[in-house]
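In the block that follows, a single chain appears as structure tokens, in the form predicted alone.
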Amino acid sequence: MRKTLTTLALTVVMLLGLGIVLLATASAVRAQGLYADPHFFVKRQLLWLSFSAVVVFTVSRFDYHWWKETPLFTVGFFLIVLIALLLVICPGIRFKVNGSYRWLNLGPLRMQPSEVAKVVCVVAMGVWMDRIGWRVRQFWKGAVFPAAGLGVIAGLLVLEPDFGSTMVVCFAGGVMMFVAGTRIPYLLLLGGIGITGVGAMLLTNANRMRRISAWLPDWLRQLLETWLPSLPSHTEEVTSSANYQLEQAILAFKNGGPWGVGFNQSIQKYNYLPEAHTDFIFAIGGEEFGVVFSIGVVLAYAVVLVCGILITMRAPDRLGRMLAFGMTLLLVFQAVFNIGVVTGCLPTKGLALPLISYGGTNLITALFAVGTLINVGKHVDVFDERMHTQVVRNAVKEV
């Protein structure tokens, strides 16, 4: 397990270092225009990275069984996030960016409660499923209660609105319920209710429906237009506007080719590609470092996935397995979705690339997930040592 933890740690450090390098080049133009300092975003990210280092060190050191043995600690953590999500709705405290209220002003810093909500949901779901044990097969304790907790968080996220985080929370929670043993009919019932509700809200949101409509193939879009009169009509102007980010991202990859145009030589970062230092930073990396970079990043996340699975399989107890699986799912799912959006495989939706994109709260929560994986992995070694000692003692007694 030590080799697995070492591999995981080195991969995470590599992704963090790559993120700083990409941020230095991708954010320079925007930082210069907004703050007259090309290194403004890099400096802030390094500050957040120092906070994150404290978080990952702390989370990896304390005993993860505290989450279960101290219910007030877990419940308090959950309630704090709920309050933060409620404060996002309050005028004067919330902060609006791109039409959504997702940030809280905390003096010179801004916090995004939806990012914290993701790890809180994984922790709460893992603790609950471990505590109820075999009762996970029951309708109320194994399905309704955990789904209700997810529903509260998801409902507050939709009000911001933040459909990306809502999707991550619901997907991670639903898969964890499936892995824990919740009956499939219950999951299908509750999942259908949730999908219907979110789908109804999407249909009333013209901006997001426009993005989805522009991403769909022509034949499918025309078919949906006959069924859904509320779907934005397919015009060249609407499609071009909705697909602008994707078109610029694809152009960045084309410019980069196999080997890239070179460090700090990106053209798309000159205000052609919006959110070049956050959601679409992967495209800037592909432009400057080519296909080699893109494949390398995908392989790095694959390594994180394999390490997470190994830690999950060897976790000494049910709680450790649930936490390790949930945190792995959280990291890898967001990475896959971000890369899918940037490459045009999925409709455009703002979701950061973990450990690489600019964003303090996202960085802290990503390293919180990594710290949890390391924590569970350390207990694997402790458990193995105890089992080995017990086997030796039993052998001595027999002799």
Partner chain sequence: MLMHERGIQVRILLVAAALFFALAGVGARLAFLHLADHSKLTGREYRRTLLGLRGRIFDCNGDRFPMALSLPARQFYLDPKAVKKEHDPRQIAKTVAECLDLREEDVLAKFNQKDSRYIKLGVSLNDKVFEILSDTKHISGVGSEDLVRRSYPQGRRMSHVLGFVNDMGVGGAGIEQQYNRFLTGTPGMIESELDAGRREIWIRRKMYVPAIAGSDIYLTLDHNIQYEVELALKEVVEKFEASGGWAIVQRVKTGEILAMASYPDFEPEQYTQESLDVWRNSALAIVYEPGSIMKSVTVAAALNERIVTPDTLIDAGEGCWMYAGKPLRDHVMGRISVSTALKKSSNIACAKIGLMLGNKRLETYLRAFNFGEKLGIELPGEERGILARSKDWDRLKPARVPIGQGVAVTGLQMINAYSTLANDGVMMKPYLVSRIVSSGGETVFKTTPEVLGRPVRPEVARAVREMLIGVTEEGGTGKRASVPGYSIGGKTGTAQKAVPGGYSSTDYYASFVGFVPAREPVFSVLVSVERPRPQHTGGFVSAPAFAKIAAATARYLEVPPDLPLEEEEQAANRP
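Please read these numbers as outputs of a predicted model, since none were measured by experiment. Numbering follows the first chain given and starts at 1.
FYI, the form predicted together with the partner chain isn't displayed, but the following is about it.
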- Specify the contacting stretch among 311 to 319, 150 to 158, 81 to 89, 120 to 128, defined as having any heavy atom within 4.5 Å of the partner chain in the predicted complex. 311 to 319
- Message: Going by heavy atom distances of 4.5 angstroms or less, which of 190, 212, 111, 305 would be at the interface with the partner chain in the predicted complex?
- Response: 305
- Note on the structure: Answer key, the partner chain contact in the predicted complex at 4.5 Å (heavy atoms) among 75, 195, 202, 291: the residue is 291
- 4.5 Å heavy atom contact with the partner chain in the predicted complex for all of 6, 10 and 42: no
- Wondering, does residue 345 line up within 4.5 Å of the partner chain in the predicted complex on heavy atoms? yes
- Message: Considering non-hydrogen atoms and a 4.5 Å limit, does the partner chain approach residue 264 in the predicted complex?
- Response: yes
- Item | in the predicted complex, residue 144 touching the partner chain (heavy atom, 4.5 Å) | no
- Query: Using heavy atoms and a 4.5 Å limit, would one call residue 173 a contact residue for the partner chain in the predicted complex?
  - Reply: no
- Note on the structure: Contacts from 175 to 200 to the partner chain in the predicted complex (any heavy atom within 4.5 Å), listed N to C, are 175, 178, 179, 180, 181, 182, 184
